[in-house]
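Presented as structure tokens, the chain that follows is alone, the form predicted on its own.
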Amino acid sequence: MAAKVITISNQKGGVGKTTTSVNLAHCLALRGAQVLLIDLDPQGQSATKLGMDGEMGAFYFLTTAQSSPAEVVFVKQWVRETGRDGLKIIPGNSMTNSAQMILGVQERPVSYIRDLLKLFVRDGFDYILFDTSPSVGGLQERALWASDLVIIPTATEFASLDALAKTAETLRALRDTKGWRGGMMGILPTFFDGTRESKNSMDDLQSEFSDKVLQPIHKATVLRECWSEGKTIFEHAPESRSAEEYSALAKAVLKY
């Protein structure tokens, strides 16, 4: 399909997946791209970070057959404007977890979500981003398989490195056993604060993943403030270091 599909994933929570998904999506849109953000996390936080309500859009996207024109129209009705030029979202909520169970019962193939994206092939999107939940399950696996690129945010602390290794192993298994043709764009270190633990974690990442380690995102109060205001970093603090760092990530994406 024409749009490049990017999944933001890690099997550990609290590492900045949603913050990364929302800010990367908005920065790509600010640079002229047409972007669709699909929230596959049952917490529905992507919408919240954009000042919107969680909804059942992801549930219907995942469970509607799309075998008739009426079903296609129904699913597309859940694509919401965010109030930001070039950025749309399919919001999720707790029902996304029910969708995952349904897909499991129906034994949908690993290519299922990639096939669903054909719905948007003529809608002019340059990028489709998936924000995923930290839990391991069939939904996350299908989202990874659907992606052209995967970005793995990981907090620069020892406890996060084990989950990172497991996520990387999942990607290898998808490639080696299920024919995934995408690739890991990079590891995104988050919550970097210059402490010895952060620096040691960065050293470990660079030793293990070399040039796949992206420029880190520093721990910053402005990123927490964005949450309460329902704004991206480019709206709340466009001149901040955090905005510069997420701009750097967007530039790296645009090179692919």
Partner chain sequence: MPRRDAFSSLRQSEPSPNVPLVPVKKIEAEAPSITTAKQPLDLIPVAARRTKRNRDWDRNHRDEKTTYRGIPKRLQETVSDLAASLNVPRDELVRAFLEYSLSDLQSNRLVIAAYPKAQRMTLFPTGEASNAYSGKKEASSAAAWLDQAFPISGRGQTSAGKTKPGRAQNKKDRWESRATYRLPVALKKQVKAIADDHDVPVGELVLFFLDHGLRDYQSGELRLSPSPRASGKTLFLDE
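Positions refer to the first chain, counted from 1. Please read these numbers as outputs of a predicted model, since none were measured by experiment.
Beyond the structure shown, there is the form predicted together with its partner chain, which is absent from this document and is the topic of what follows.
Residues of just one listed stretch (184-192, 218-226, 57-65, 23-31) have heavy atoms within 4.5 Å of its partner chain in the model of the complex: 184-192. Using a 4.5 Å cut-off to its partner chain in the model of the complex, each of L149, R172 and L205 places a heavy atom inside that distance. The contact residue chosen from L103, A168, V79, M95 relative to its partner chain in the model of the complex is A168, the criterion being a non-hydrogen atom within 4.5 angstroms. Taking the partner from the other structure, its partner chain in the model of the complex has no heavy atom within 4.5 Å of any heavy atom of E107. Interface residue remark: V73 is not counted as part of the site for its partner chain in the model of the complex, having no heavy atom within 4.5 Å. At a distance threshold of 4.5 angstroms between non-hydrogen atoms, A99 is out of contact with its partner chain in the model of the complex. Interface membership of K88, defined by any non-hydrogen atom within 4.5 Å of its partner chain in the model of the complex, is ruled out. Shown without its partner, the chain has L254, K255, Y256 in segment 238-256 as residues with a non-hydrogen atom within 4.5 angstroms of its partner chain in the model of the complex.
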